[in-house]
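Shown below, as structure tokens, is a lone chain in the form predicted alone; questions about how it binds or moves come after it.
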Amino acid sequence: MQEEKVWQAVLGEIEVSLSRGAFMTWFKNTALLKSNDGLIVVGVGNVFIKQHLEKKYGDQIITTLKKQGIKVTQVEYRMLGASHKRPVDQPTQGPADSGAANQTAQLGSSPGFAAKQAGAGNNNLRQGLNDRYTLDNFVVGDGNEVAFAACQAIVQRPGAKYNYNPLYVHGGVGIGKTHLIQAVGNAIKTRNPDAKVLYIATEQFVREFVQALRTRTTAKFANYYRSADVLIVDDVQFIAGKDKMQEEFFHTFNTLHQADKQIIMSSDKPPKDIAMLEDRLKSRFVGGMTIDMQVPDFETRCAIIQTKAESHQTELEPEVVEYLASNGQTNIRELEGALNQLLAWCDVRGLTATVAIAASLLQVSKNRPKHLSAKQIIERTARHFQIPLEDIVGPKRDKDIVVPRQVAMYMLHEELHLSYPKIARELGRKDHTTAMHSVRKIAQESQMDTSLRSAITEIKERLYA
């Protein structure tokens, strides 16, 4: 069809201007449905992609269409019907691609992806997948679009070489890591019910291993996890410092990876920043795709609130949504907690949610402790970087002490709004310009350095836990 050729040309030009993750998230499964006398109709997979294309990429799409000689007076985005949706495991291909397409289409019956145990279907409780977590109800924004795109690719071909294996996503508390990695497992199970998909939180993984040691059933434990087609491990940082557990996980990882089975992990920090994690595990964790998931931006927070309100069969006024999104909640759990509190309060009293009600409730439940002191911030920062308190406030200028000291100054400025002279005194400095330089330096570098940004986020979360 002419429309398909035109759209492939448009996608080809757009792809070179975007990151791989952005292109796969927003354009991979789109189609040109109609081009008639200037009216262009683009088919999309869901409402979030529709909104994002309209808002962020609309002008680029129009410009690229015109470069292809297409008359454009109006562009509409419509949801793709079942008859238009192209199965993601059967991409459009020419004769040269038929072998790859057949390999993908036969995913469910291939020996490399079949369940290894007849009783695999009886392990639903142990697998721990929550069917409420799906890719369809995961809200995509600038802070997580690359991770989302990688997960979409994994669903198409789990365990494929050079296809995000292992996938390692990291970021602060409550930003959707668990939702996303469980959604991948659910999507794979939907596409291939016979696949052995195992999801487990690391704390449970450790408990099971300890129990296996006590009962001398480590072989059974190892065989269970090493027979998985997809292994999803949440909060993998908790194996750090546990020597026997790390050795067991190392061998499980190797067994699965060498057999082209998919491994997905989440953590609160990148592998290189996990203290007491063996180097051989660090090197394997970064051998696939490592993605830093960020705190959702304002637009994404609004979309999350709207989506969760709809799940409660409630429609909020835009002003209420924007107030909740801008009132200091930085992660999804905080947003959901604020929304649930508002909806419950209004439901009991038979009221409609308003900005005034939300403001009064959130002011009462504001979780910033009034007793937070400069000393607490400095102590927490020193503890995070594992240096003595007397060093961070002392005269030493070693790099491993100077950076934590600068972070502490930045935190005092951001959290307590102390003056620069006061910050300098709290850290044992005489010149307030040192504090000014430190605050500005950390503010700038945290925009580029993911490990530094993660450290600041973790310190804040510990302070307000």
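For every residue, the number given is its place in the sequence shown, counted from 1. Just so it is clear, the model here is predicted, and its values are computed rather than measured.
Another form, the form predicted together with a small molecule, is not on view; read the next lines as being about it.
In the predicted bound form, the small molecule stays beyond 4.5 Å of every heavy atom belonging to L277. Contact between K261 and the small molecule in the predicted bound form is not found at the 4.5 Å heavy atom cutoff. At least one heavy atom of T178 is located within 4.5 Å of the small molecule in the predicted bound form. A residue is said to contact a partner when one of its heavy atoms sits within 4.5 Å of a partner heavy atom; I332 meets this definition for the small molecule in the predicted bound form. Note on contacts: among N137, S360, T215, S373, the single residue with a heavy atom within 4.5 Å of the small molecule in the predicted bound form is N137. Note on contacts: among Y133, F238, Y224, Y77, the single residue with a heavy atom within 4.5 Å of the small molecule in the predicted bound form is Y133.
Here the chain stands alone, but in the predicted bound form its contact with the small molecule, taken as any heavy atom within 4.5 Å, falls in 302-310 among 376-384, 216-224, 302-310, 391-399.
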